[in-house]
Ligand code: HEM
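Take a look at this one chain, the form predicted on its own, written out in structure tokens.
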């Protein structure tokens, strides 16, 4: 069966909720189980240690580098792009606060502008509408798998007099012992996630979003991240995080019977929350990895902290990367092969009442911190239909004794409600702002 799609065929397919394809002869891209259902493989680095790793990757033949620019993610569809889309090589996370005096009217106008520019850029067109104000940064590039995803923070509903339509899923997250949170780099009225397989395309989208904010909103914080470039390995494979660990084996998969129910808000809730149907909740955590301390450990010690082999990501109980962990298996000395406090054991869904989240992070490196150590780690992003059934229970469990916790530090946090996808002619959040 051919995997090539025309633009019109891909748009039709995505509007029906299927995985998007890519144009210009690029093989169809779809999610596979990359950074586990709240753990099960590699770091959960956003739950008490955080959730890390590649949430998505390509499972077909390696993509030819010359075709990367033509890969296109669809703006319209059942869900917003950037949730189940394969991870991109470059990302920007940016939060805004509405300007003093701005309210629901200004927010609606802003979301119209942002939606229009995102639709143009994701299709590989200039950000301008013909008025000649595109910066020209991405003139030579195609869409390059660009996604632009929008969400609303808890305070957005206060600012727009929509408190009655604020869902309980936006209640404040509990405090955790590993938190060292910087309030200036946390939360926000509005949140935008930008990703692309080309750094200039991603930067171009970032500048366009900032410019279109105009006088309606101002930047609260911005974080920049990266992942492995598609085609950099001889074959598609689960990626490694900055600790060198294979990270992303057990993410919920679209073919799972309960995938939609776990990741996306379903119909049937209160009428005042109908605007969120088909959407999701994003928990965003900036997690600094204490790399100098981590790299002092032997490989064997690192493996016991995680509960998986560093070389290939296989559980210490044996098998391959995708082999299910045998949590009861002991070695000749009678000791459990996967230690009691191993990160993979503590974070696995079977130890957390089945709690699951779709992790889709970026790594980051912002130079050297004041203490002389690398300011590097994970921009953790996880998606779930209810953060208090996904992220929170796993984070609490990790907070009580994860062996990885001494090697990570949570420095910023945010929680955002991300509306469902848009039909042609709709803007993001229209069903909320015009309700």
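Remember, predicted model here, so these are calculated numbers, not experimental data. Numbering follows the first chain given and starts at 1.
Below, we refer to the form predicted together with the ligand, which is not included among the displayed structures.
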property: Sole residue of 265, 81, 209, 306 within 4.5 Å of the ligand in the predicted bound form, by heavy atom; result: 306
property: Position in contact with the ligand when the complex is considered in the predicted bound form, options 248, 279, 195, 86, heavy atoms within 4.5 Å; result: 248
property: Interface membership of residue 344, the ligand in the predicted bound form, 4.5 Å heavy atom rule; result: yes
property: The ligand contact in the predicted bound form: residue 349, any heavy atom under 4.5 Å; result: yes
property: Touches the ligand in the predicted bound form: residue 287 (any heavy atom, 4.5 Å); result: yes
property: Residue 243, heavy atom within 4.5 angstroms of the ligand in the predicted bound form; result: yes
property: Stretch in contact, per heavy atom within 4.5 angstroms of the ligand in the predicted bound form, of 257-265, 142-150, 72-80, 306-314; result: 306-314
property: Within 4.5 Å of the ligand in the predicted bound form: residues from 389-406 (heavy atom criterion); result: 391, 394, 395, 398, 404
